[in-house]
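Just the one chain here, laid out as structure tokens, in the form predicted alone.
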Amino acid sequence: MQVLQNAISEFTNVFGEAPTAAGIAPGRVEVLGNHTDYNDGFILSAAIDRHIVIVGRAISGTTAHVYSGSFRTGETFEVASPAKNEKNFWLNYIQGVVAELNKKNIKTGAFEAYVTGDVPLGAGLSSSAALEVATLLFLKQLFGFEMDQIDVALTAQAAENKFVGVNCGILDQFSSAMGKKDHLIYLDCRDLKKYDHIPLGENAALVLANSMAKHALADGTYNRLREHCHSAARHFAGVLGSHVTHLRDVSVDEFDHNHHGLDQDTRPRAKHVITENQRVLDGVAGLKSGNLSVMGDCMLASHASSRDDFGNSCDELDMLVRCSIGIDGFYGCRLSGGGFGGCTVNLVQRDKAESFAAELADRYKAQTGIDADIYICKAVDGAQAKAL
């Protein structure tokens, strides 16, 4: 893996010694299941062949020294007492992991580390979750503690929730940790043991298109949308009974008959999540039967719902979707991730992926004047630790 070799070389240049351990974690693409994870719902995702890598070695003392190849800057922090860094925000994803390990009484010690990767930053492909997961596996390799992959995902999620301050669900970290080559990940977020790996199929490829509109969730927007969902769940619990703890517990029919009383902002947010859960189930059924057109239709409906009901699309993402429709080999597409920028994910015929990508780039440039970055991606195995 070239990105790992680059990290090893750069670490040696910066710190003057060779690293002894690495954590390697893929980014992810959310194929269906937009904002369903923290509503105890269903998701369909893939770990992709773009990775964040952290390499390093243990040192004496109490201080961690970390250098970011992406931002070309270094920072330090006290391992026993990480404190949020307002200047170099990327450090907080690493510090958050250390803070969560401290809470678990897992002692890590001081270290030097170099971070790099080829997950596009700000594209909605979960570079932050990949950094958290890679950091955990790096520290696990370096200091020898035990933690299975599901606990890795949960600990990484807690780092983002509690230290970074983004109340994300489990989708991003679970996808990075639990990917499988040539498969999509289906997860019931109520019970993380209820997951499955579903073959993408020999005739399908994923083409990601970066709108070049910067994607950011740490400004509070994500948390406000999340509160709309929890408020709606409380409404339905009052109407349908205490068995409703999350929007996952409300069927489409129950929403249709009981949404009165929700305010004009909360109602469409709830509608999106409830119908999105059904789209995930329908999409999985389509994949299992080999009907990629069903899956594509679910993706298009998902984007329309995100745009019109949840309100987390943007002009650039909407244009990318319009530009994709009608290109030879196209099954379906939608925004991926939190929204408000970042990427669309396109399901296309494998043998048409390259021509599809070229045509999409041309159409988007003609409409917007923007050169979109297009990635033809493979589904890959999840994160790993490695001794060097």
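Only a predicted model underlies this, so the values are computations on that prediction, with no experimental measurement involved. All residue numbers refer to positions in the sequence shown, first residue = 1.
The following text describes the form predicted in complex with ligand GLA, which does not appear among the structures shown.
Trainee: Among 103 to 111, 205 to 213, 171 to 179, 139 to 147, which stretch has residues whose heavy atoms lie within 4.5 Å of ligand GLA in the model of the complex?
Mentor: Within 4.5 Å of the partner lies stretch 171 to 179.
Trainee: Does ligand GLA get within 4.5 angstroms of any non-hydrogen atom of Phe356 in the model of the complex?
Mentor: Looking in the model of the complex, residue contacts with ligand GLA do not include Phe356, since no heavy atom lies within 4.5 Å.
Trainee: Would Asn34 sit within 4.5 Å of ligand GLA in the model of the complex, counting heavy atoms only?
Mentor: Residue-level check for Asn34: yes, a contact with ligand GLA.
Trainee: Does ligand GLA come within 4.5 Å of any heavy atom of Gly337 in the model of the complex?
Mentor: Looking in the model of the complex, residue contacts with ligand GLA include Gly337, since a heavy atom lies within 4.5 Å.
Trainee: Is Tyr38 near ligand GLA? Define near as a heavy atom within 4.5 Å, in the model of the complex.
Mentor: So Tyr38 counts as contacting ligand GLA.
Trainee: Heavy atom within 4.5 Å of ligand GLA in the model of the complex: which of Phe163, Tyr222, Trp90, Phe77?
Mentor: Contact residue from the list: Tyr222.
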